[in-house]
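Form predicted alone, single chain, as structure tokens, below.
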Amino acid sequence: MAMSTQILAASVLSGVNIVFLSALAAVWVRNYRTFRTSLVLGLLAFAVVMLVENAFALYFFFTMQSLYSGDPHVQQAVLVLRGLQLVAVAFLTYVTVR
């Protein structure tokens, strides 16, 4: 079964999220080693959880295509949610790395 365009786009957005979250985790690991604060540890935990979530999303996009192929509204909702997450993570990456 071929992957729809919307789910393919959602997969790309998840991949970009993983790249941004990896950069954030690297910065926050370095900061935690320096400052040892609970705030930085919380940010690091946030990045790790979001990394795992995006990895699972990619796994489901590629292995359970029938789950998303039945309803175009579900595909559109998944794409919108991935897009919103990308905007949030991109903004956080920008202010962190700046």
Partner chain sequence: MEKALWYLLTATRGGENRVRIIRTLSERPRNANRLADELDVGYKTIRHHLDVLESHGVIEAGGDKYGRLYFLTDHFEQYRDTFEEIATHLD
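Residue numbers count along the first chain shown, from 1. Keep in mind the model is a prediction, meaning the values are calculated, not measured.
One more form of this protein exists, namely the form predicted in complex with its partner chain; it is left out here, but the text below deals with it.
Judged against its partner chain in the model of the complex with a 4.5 angstroms heavy atom cut-off, the residues 12, 60 and 73 are out of contact without exception. Interface membership of residue 39, defined by any non-hydrogen atom within 4.5 Å of its partner chain in the model of the complex, is confirmed. Its partner chain in the model of the complex is approached by residue 27, whose closest heavy atom lies within 4.5 angstroms of it.
With a 4.5 Å cutoff on heavy atoms, residue 43 counts as touching its partner chain in the model of the complex.
At the 4.5 Å threshold, heavy atoms of residue 5 stay clear of its partner chain in the model of the complex, well away from it. Taking a 4.5 Å heavy atom cutoff to its partner chain in the model of the complex, the contacting residues in 77 to 98 are 92, 95, 96, 97, 98.
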